[in-house]
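Here we start with a single chain on its own, the form predicted on its own, put down as structure tokens.
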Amino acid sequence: MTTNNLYLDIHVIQTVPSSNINRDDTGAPKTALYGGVSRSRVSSQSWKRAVRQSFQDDTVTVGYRTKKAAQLLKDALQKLTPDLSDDDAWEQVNAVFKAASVKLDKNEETSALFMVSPGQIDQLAQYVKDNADGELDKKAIKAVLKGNQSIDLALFGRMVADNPELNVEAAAQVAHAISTHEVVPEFDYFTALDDLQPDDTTGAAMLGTLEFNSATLYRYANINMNDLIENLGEAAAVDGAREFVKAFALSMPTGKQNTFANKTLPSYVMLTLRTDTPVNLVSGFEDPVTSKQGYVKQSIEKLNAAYKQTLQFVEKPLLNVALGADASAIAVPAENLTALLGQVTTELTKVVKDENGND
């Protein structure tokens, strides 16, 4: 197992046209104050969900983030034992959750969202079936709930307030995406006519306003490869890192997407593999980009400049590869996303293998 620090930084520059992909409690696009000006913001939670949905679209197995984990276990139990009655199944399910020190309410739901993988549910059901006549072992149940992790559970972790022993350390960190420039909120005043409205009737059947903005976003995430290897094992961790980079680059939160059709692709992606510390390059945009001819080019230049500046403080990375305009300015250029993923996978595999040889 790899023992030295190993971090994969993912930097993305991406424009999003008029849109409202992540709303606050008033329905307005989320914002942040940075560098003294208001920025468009997309929360990390929002983009994590988009990544999980992207995994599913690529048929990558993901876990359940739900209050209904007990129902999942009951269904799995009755699938293994079709003649098991509902009452007997619930009795066994309650025994499992009691042994795991996770409380269920009167509706047989956990008090908070509980992340669990399909493999863990299946293993728990099998364990209960095999031990139906005996006492459940707390250590065995804990081992099931810590093993066989889905990729999203391994990347984003799990916090269980009822029983911290079931916590899973997140291997990935995702920053809130912010615009590289100042944004000013805009409003769409809209009206809608009734299709059955008589011709001699004037006026709209419906009217309202919708707040939106457009932005060039800086998006950042990193993976602690040691943690990911601990959660998934070495081979699966390398594959998981590749899948996460792909999903992070191509995913988009779906807020108001039917209204704005704002699905875009990144203009620039840079991956950096480090052994000392992950580095968020958002400081490159503390001085906001100002332009009347677009923000992408200047944003990439500022990102590259911020990267160069970090070399005064941290070690030269093992790998720095980029895709998009000006990629060759500071990094090994990749021809396309497949080539980018191939380069980082090759380097990750090599590093993990080399460390095994030194153990």
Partner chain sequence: MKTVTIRLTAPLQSYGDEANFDRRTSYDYPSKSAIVGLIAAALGYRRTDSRIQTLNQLDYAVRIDQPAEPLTDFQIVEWKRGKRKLTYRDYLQDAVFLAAVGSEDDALIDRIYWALHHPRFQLSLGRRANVPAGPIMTEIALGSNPAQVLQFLSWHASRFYMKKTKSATFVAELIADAALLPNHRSSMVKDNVITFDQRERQYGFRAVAFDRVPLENPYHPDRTAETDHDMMTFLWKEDQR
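Residue numbers count along the first chain shown, from 1. If you're wondering where the values come from, they're calculated on a predicted model, not measured in any experiment.
Quick note: we don't show the form predicted together with the partner chain, though the next part is all about it.
- Exactly one of the stretches 171 to 179, 192 to 200, 131 to 139, 261 to 269 approaches the partner chain in the model of the complex with heavy atoms within 4.5 Å, and it is 171 to 179.
- For residue 277, a non-hydrogen atom is located within 4.5 Å of the partner chain in the model of the complex, even though that partner is not displayed.
- In the model of the complex, the partner chain lies farther than 4.5 Å from every heavy atom of residue 215.
- Within this chain, residue 287 lines the site of the partner chain in the model of the complex, having a heavy atom no more than 4.5 Å away.
- Using a 4.5 angstroms threshold between heavy atoms, residue 32 counts as touching the partner chain in the model of the complex.
- For the options 92, 123, 117, 226, the one in contact with the partner chain in the model of the complex, meaning a heavy atom within 4.5 Å, is 226.
- The single contact residue among 236, 99, 205, 159, judged by any heavy atom lying within 4.5 Å of the partner chain in the model of the complex, is 159.
- Heavy atoms of no residue among 61, 185 and 294 are located within 4.5 Å of the partner chain in the model of the complex.
- Along 109 to 132, these residues reach a heavy atom to within 4.5 Å of the partner chain in the model of the complex: 109, 113.
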